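First, one chain by itself: the form predicted on its own, in structure tokens.
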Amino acid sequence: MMSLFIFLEIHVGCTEDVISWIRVPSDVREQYLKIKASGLKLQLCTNETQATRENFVRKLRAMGFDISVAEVTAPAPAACRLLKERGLRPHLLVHDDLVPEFAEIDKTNPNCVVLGDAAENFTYANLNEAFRLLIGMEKPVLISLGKGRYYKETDGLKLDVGAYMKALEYACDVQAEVVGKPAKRFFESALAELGVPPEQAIMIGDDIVNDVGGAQQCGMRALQVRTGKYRPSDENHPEVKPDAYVNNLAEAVDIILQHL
């Protein structure tokens, strides 16, 4: 049976009292249930780094999504695995709500910097502290939980972690290791969690580079939806060409189900 990856551009960086699901299209839950009912395997792939995976899932459940933590692939758990494998001790420049994800990681005497979507924590002082740590290392290690340029909120577009990653790369003359989308390792991890080969998986996303390009480099097929971060100029991208464009998630799901 074909397996389906679905990317939801969901922002969960909100307070405990006010859950603002400002980036979830109204038909997402309906399409999610349709996929589940079809018998297709489903994995949610997100670059969300403003909440732990457990918090992310808890808030999805509050919206009526019957989903488990194992059905979500996110950058922070992947980063933790990498840190443990290589004996790295991070200095964290991440969102406050993401810090608990690194609770079991030794952070004394840092020998690397981990960068996420820190939002209001992206101050000059915090960036300069990360810069000083990196520039003082003999072999600086910068790990980024993504490389997105921007994301969309109700009040407009906002700079994403990739912009700050590039600043530190330039200042420290270092190449960041990206563990979120579009890193090949991220998609390989998601495939492993589903237990399927890439040729049996389809990625649905709105980001031409992070979603479509990242999935295709692993041998997956990828559809780009003309919503969210999509821009008309994406259709003239010099390197990444989706297997198909769809106007919304409902159209993508219908196409896939028709070809089963």
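Being a predicted model, the structure only gives us computed values, none of them experimental. Residue positions are given as counts along the sequence shown, with the first one as 1.
Just so you know, the form predicted together with a further copy of the same chain exists too; it's not on screen, but the next bit is about it.
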query: Region of this chain that lies against a further copy of the same chain in the model of the complex, out of 83 to 91, 106 to 114, 142 to 150, 69 to 77 [heavy atom, 4.5 Å]; finding: 142 to 150
query: V99 within 4.5 Å of a further copy of the same chain in the model of the complex, heavy atoms; finding: no
query: N128 within 4.5 Å of a further copy of the same chain in the model of the complex, heavy atoms; finding: yes
query: Interface membership of E138, a further copy of the same chain in the model of the complex, 4.5 Å heavy atom rule; finding: no
query: Partner proximity in the model of the complex: A176 to a further copy of the same chain, non-hydrogen atom cutoff 4.5 Å; finding: no
query: a further copy of the same chain in the model of the complex - contacting residues of 145 to 163, heavy atom within 4.5 Å; finding: K147, G148, R149, Y150, Y151, D155, G156, L157, K158, L159, G162, A163
